[in-house]
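So this first bit is one chain, no partners, the form predicted alone, shown in structure tokens.
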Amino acid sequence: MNIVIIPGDGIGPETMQVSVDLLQDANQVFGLGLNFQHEIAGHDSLQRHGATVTDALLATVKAADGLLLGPMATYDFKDESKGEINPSKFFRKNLDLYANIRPAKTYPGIKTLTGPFDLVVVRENTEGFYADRNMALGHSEILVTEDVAISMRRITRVCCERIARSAFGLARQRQKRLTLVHKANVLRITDGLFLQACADVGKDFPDVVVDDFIVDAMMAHVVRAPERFDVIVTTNMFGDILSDLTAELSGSLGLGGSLNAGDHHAMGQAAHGSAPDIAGQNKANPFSQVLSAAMLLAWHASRSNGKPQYLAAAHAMEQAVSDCVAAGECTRDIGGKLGTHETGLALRRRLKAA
């Protein structure tokens, strides 16, 4: 498996180093045959190449089996005419990574506001209210006058059907329960199309039990009783908000892995930002990046018949995170006393001892 490694901005190089070290250990323990190609994007690429991402980099990623992307300084990149392109958006769009998979679960040893839960948010990744991916030319926000602005939402049957199929397939592998989240009482046409597409796809999954919630009510239900949910599927913006909420309910956004997947490519990406205020201080929590790397291995396992070692390695990496959290071998943001590097060493010890 050939993986392109892009460390990202801010705390990215620190958390990515932990992830790469752990992947190298997993490579030896499980005989994965991993090869790493180290590339740059974001501020480093802007300084060296005049753009945060390049066409050459895209070609490299397309030729690989997967991409591991560190957190990017997204808010710094405002003018694409000056090469300031959002790398995450760039890869999601150009690789057609239509499914954003965001697990959220509680860990023994982490104090939370709720009881134990284990759920996954499946978010459509390519349309919705996101102005940068709705139009063939330009974007879907319009300034009519200085005092009037309009934003358009694009929802298509094909995008709804494929995200629904991803969610139903995942639900079938878990507890066979799927929740649809929408605002069809107000967005009758667009969310109506989403619900109809989900219903049509659901005919192929009669063993999966389906319910649905209006998005504002869903936020309340998730805070009150997250344990009642298993797999949740929704449109882009609702999923963006809901996945951050559920990750934080689990104890920290830094505990949430994230995978952006399509039919032919996938990108493991930390769920959090680049946190420049603590960059280079050995304070950053590496778990989100590590869990995203594990998800990338699991995705490859699902595509590689006869290669169960990738799934075994993914589970071992996830277990190492759980064991470190339970033992308090983690960074201060989640109750530990270790630095980023030392947390990485603890992860490596536990994976090798598994």
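Heads up: residue numbers just count along the shown sequence, starting at 1. Not measured: the values here are computed from a predicted model.
FYI, the form predicted in complex with a small molecule isn't displayed, but the following is about it.
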{"query": "Heavy atom contact within 4.5 Å of the small molecule in the model of the complex, the stretch among 157-165, 105-113, 198-206, 277-285", "finding": "277-285"}
{"query": "Answer option from G128, G239, G254, P226, heavy atom within 4.5 Å of the small molecule in the model of the complex", "finding": "G254"}
{"query": "Listed residue (V122, A266, A247, A73) with a non-hydrogen atom within 4.5 angstroms of the small molecule in the model of the complex", "finding": "A73"}
{"query": "is_contact(I11, the small molecule) in the model of the complex, heavy atom dist at most 4.5 Å", "finding": "yes"}
{"query": "The small molecule contact at E342 in the model of the complex, heavy atom, 4.5 Å", "finding": "no"}
{"query": "is_contact(D25, the small molecule) in the model of the complex, heavy atom dist at most 4.5 Å", "finding": "no"}
{"query": "is_contact(G169, the small molecule) in the model of the complex, heavy atom dist at most 4.5 Å", "finding": "no"}
